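Next up: just one chain, as C-alpha cells, the form predicted alone.
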C-alpha cells in the first residue's frame, strides 16, 4: 500500500509545483508550505537527535564535571530563546554576535584555505604549454579584475604598472565571464534534468503511459 500512496502523493505535489507555470496560484503556495514545513521539521529533528542530544545533553548528564565546558554553548543557546520576547531581545544579541563572529571567521578561513590558496598553488606550473600559460594568465587576470585602487598619477613606472594591471584585469574579466557562463550552463542543465525526471515520473510511475 505504501508504494501506490507514495506515487500519488509525489504526483500530486509535482502537479502543484507545476501550477506555478500559470502564476503564483494557491495550489503552488500549498506545495510551498508543505515543502517548508517538511524542511523545518527535518532540520529540527536533525538538530535534536544529531547535535543537541548526543553532543550536548547526554555528555552533561553522563559526566557533568568532565564536560562542564558544554555549559557555555548551552547558555548561549538559551540566550537565543530570549529573542522571542521584544523586551528581552537585547540580551540574546550576545549569542547572535558570537554566531556572526564565528561564521565570519569560518567564511574567511574557508575562502582563503579552501579557494584562494589552492588556486594560487595550482598556477605554480611550468609555462611550457599554451594551456599552462592561459591558466596562469587567466587566474592572475581574474584576481587583478577585482582591484579597487585609485589610478596612479605620479611616476612613470607607477603609471606603467597601473596600465598593465588594468589591462590584465580587463583580460581576466573574460575568464570570469566564461566561468560564470559555464556555471550557469551547468545549473541550467541540472534543472532540465530535474524537469525531465519529474515528467518521466508522472508518465511512467503515475500514469504508466511510458514503459
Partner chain sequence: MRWLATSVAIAVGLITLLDYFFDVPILDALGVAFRQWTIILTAFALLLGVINLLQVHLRRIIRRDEASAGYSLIVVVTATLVASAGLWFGLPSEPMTWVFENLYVPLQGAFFALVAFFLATAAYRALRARNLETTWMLIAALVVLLGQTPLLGVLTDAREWVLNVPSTAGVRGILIGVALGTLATALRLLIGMDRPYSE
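Positions refer to the first chain, counted from 1. Computed from a prediction, not measured in an experiment: that's the story for all the values here.
The same protein also has a form predicted together with the partner chain, omitted here; what follows describes it.
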So in the model of the complex, does any heavy atom of residue 113 sit within 4.5 Å of the partner chain? yes
Residue 45: touches the partner chain in the model of the complex, heavy atom cutoff 4.5 angstroms: yes
Is residue 203 a contact residue for the partner chain in the model of the complex, using a 4.5 Å heavy atom cut-off? no
Test of understanding: in the model of the complex, would residue 31 fall inside 4.5 Å of the partner chain by heavy atoms? yes
Residues in 93 to 117 close to the partner chain in the model of the complex, defined by a heavy atom within 4.5 Å, in order: 93, 94, 95, 96, 97, 98, 99, 100, 101, 102, 104, 105, 106, 107, 108, 109, 110, 111, 112, 113, 115, 116
